[in-house]
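Next up: just one chain, as structure tokens, the form predicted alone.
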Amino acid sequence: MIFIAIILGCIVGALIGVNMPMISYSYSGYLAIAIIAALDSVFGGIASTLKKNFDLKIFVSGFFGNAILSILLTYLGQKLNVDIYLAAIVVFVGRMFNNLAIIRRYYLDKWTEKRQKNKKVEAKEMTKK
């Protein structure tokens, strides 16, 4: 179910992206940091789904909350002439890598369990012969 929502979201995002006008250079920094924050939430949602503790309210609030907070940090940093947005990038990208590692480990464990099961079945068949 969640994967259908992800695919649908990607398709809708691609269609909107193709039909939207170009983003001005002055706003591209805000959009980039918001996309990184949103991707962090998406990877976190996938990881929590695999851990079987996904909560839609937490996902949606984190998705929009992280994006808005990162945009505000970027805006504040530009007004203060300090690159505060770099802190948000480091945190969000670090969390993305952490969640990606969780996802990778889950599928690797599943794959190795499947291989071990197949080897046990083959061994039983060999002993029966």
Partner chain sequence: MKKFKIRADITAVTVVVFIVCIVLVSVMLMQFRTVEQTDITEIENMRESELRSLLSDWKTRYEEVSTQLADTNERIEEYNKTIEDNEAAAELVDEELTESNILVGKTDVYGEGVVVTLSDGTYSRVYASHLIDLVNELRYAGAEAISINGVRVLAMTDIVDVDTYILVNLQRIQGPYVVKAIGDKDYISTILQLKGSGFVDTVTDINVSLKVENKVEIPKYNGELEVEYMQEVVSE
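Numbering follows the first chain given and starts at 1. In this text, the rigid core denotes the largest set of C-alpha atoms whose superposition between the two forms falls within 1.5 Å. Remember, it's a predicted structure, so these values are computed and weren't measured experimentally.
The protein also exists as the form predicted in complex with its partner chain; that form is not presented, and the subsequent description refers to it.
Participant: Going by a heavy atom distance of 4.5 Å, is Met126 a contact of its partner chain in the predicted bound form?
Facilitator: Contact check for Met126: no, nothing within 4.5 Å of its partner chain in the predicted bound form.
Participant: How about Tyr27 - does it come within 4.5 Å of its partner chain in the predicted bound form, if we only consider non-hydrogen atoms?
Facilitator: Within the cut-off, so yes.
Participant: Is Asn98 near its partner chain? Define near as a heavy atom within 4.5 Å, in the predicted bound form.
Facilitator: Flag for Asn98 set to no.
Participant: With a cut-off of 4.5 Å between heavy atoms, is Val91 one of the residues that contacts its partner chain in the predicted bound form?
Facilitator: Although its partner chain is absent here, Val91 would stay clear of it in the predicted bound form, with no heavy atoms inside 4.5 Å.
Participant: Counting non-hydrogen atoms within 4.5 angstroms of its partner chain in the predicted bound form, say which of Ala87, Val60, Ile68, Val82 makes the cut.
Facilitator: It is Val60.
Participant: Go through 27 to 52 residue by residue and record those having a heavy atom within 4.5 Å of its partner chain in the predicted bound form; state none if no residue qualifies.
Facilitator: Counting only heavy atoms within 4.5 Å of its partner chain in the predicted bound form, the contacting residues of 27 to 52 are Tyr27, Ser28, Leu31, Ala32, Ile35, Ala38, Leu39, Val42, Thr49.
Participant: After a core superposition, would you say Cys10 shifts its C-alpha by at least 2 Å between this form and the one not shown?
Facilitator: The answer is yes; the displacement is at least 2 Å.
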